[in-house]
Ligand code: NAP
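In the form predicted alone, a lone chain appears below as structure tokens.
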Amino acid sequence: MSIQTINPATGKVVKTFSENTREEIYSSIEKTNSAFLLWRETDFHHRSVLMRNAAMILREKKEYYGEILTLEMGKPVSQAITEVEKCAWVCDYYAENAETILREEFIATDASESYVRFDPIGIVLAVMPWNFPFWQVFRFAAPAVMAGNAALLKHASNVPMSALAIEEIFTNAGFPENLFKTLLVGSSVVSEIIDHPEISAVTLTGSETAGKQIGQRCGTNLKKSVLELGGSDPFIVLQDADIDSAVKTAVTARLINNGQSCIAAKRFIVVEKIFGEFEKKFVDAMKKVKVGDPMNRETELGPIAREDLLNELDEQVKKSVELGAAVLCGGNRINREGYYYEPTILSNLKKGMPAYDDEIFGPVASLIKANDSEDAIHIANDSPFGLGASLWTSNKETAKKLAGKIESGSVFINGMVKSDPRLPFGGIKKSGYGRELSHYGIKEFVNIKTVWIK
């Protein structure tokens, strides 16, 4: 498998990289394990200083790194810079809070003294996607490294420049050489890497198919895994919602990252009494979106990351239309250089259509009418995924009650689903298992050890 940076705004190859050989892979694992054996003995103060250094580097070079993200996967550069800033935030969060979170917990028992301690476990292999090339990595790496672990990154093959840049950031921040290591490899060798005895755990952000394969391999090896997989997040609008605010957020929630986000709103479920008004305003707003060169600060929607993904998106739309879906706006590729697709809204959707059943990764919104709030929740849960959900209503008590009925890892009321270092992130059903971020995330990759003293 070729490892290349291809600019999705032009379709042209920017740079080609040599894939690591098996000898290089095994050598990297051994070097990373050696680094871990020393790193686990360091104290939190030392780790914190270096993690803050990483945050400082990210902020100082945010425009430089932002342009790499945009060059490799096509997101608007303004969003790319924001992504880099968010990575600095997660570094600072764990630099400040890891010691407190992982402090020994004393528990009264029949012992003279008994407590729980949280020890690092070793090398955590990260298999990461292309859509948030920096954030997906830092949200795992910051807590894992602060807990005393080492990190080995197998990034998506279309973002090698991002993968190497992240390794460089950790090195320049003063972390031991090889403690964070990038492997330039394809997916075919991942199972073999998981089998290596020095790999202690695996974290994956990716597709349902990849999740099944990696989960099965980790199970065979009895190794811990955290899987953050796909999502088809519902955006539920009840009749007492602020429609103008909901529409404005709906456009952003669907088109963020060029529509290529697992927590992007994808199914817009609107109750019948306000459906017509919401539909009109939603279509009008989508038609006004500025599509263009992602390096332009004014661009709101750039290209799809790869040509094969553009083809898949186009096929999902065409298949849905063949089965009876109505195109309210968009619905076609844009006739220009690069991998562009029109901001699109589909309606008249039903089960059996890709736009109803599947995760749509691109600027395509599925608009679905519900009879009432109860029906809206039923439709929202009528999905194999359960990552995030957005609920719009002016009644806070109703919102809290309905939040308990929505099958997802998070519910955002009158706001867009997003990740935050202070809050746990993850899903249920086919959206995966385990949690990232907050105090829950840092404890995924530690040995929760009981100590009992008589």
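Numbering starts at 1 and runs along the sequence shown. Nothing here was measured: the structure is a model prediction, and the numbers come from that model.
Although not depicted, the form predicted together with this ligand is the subject of the following passage.
- Each of 139, 213 and 425 places at least one heavy atom within 4.5 Å of this ligand in the predicted bound form.
- Among residues of the shown chain, residue 254 is not one whose heavy atoms approach this ligand to within 4.5 Å in the predicted bound form.
- Interface residue remark: residue 387 is counted as part of the site for this ligand in the predicted bound form, having a heavy atom within 4.5 Å.
- Among residues of the shown chain, residue 207 is one whose heavy atoms approach this ligand to within 4.5 Å in the predicted bound form.
- Among heavy atoms of residue 77, none comes within 4.5 Å of this ligand in the predicted bound form.
- Of the listed positions (86, 154, 369, 223), a single one reaches within 4.5 angstroms of this ligand by any non-hydrogen atom in the predicted bound form, namely 154.
- Contact annotation: of the candidates 311, 332, 245, 187, the single residue with a non-hydrogen atom within 4.5 angstroms of this ligand in the predicted bound form is 187.
- Only one of 224-232, 103-111, 168-176, 320-328 places residue heavy atoms within 4.5 angstroms of this ligand in the predicted bound form, namely 224-232.
- Contact annotation for 101-139: residues with any non-hydrogen atom within 4.5 angstroms of this ligand in the predicted bound form are 127, 128, 129, 130, 131, 136, 139, listed in sequence order.
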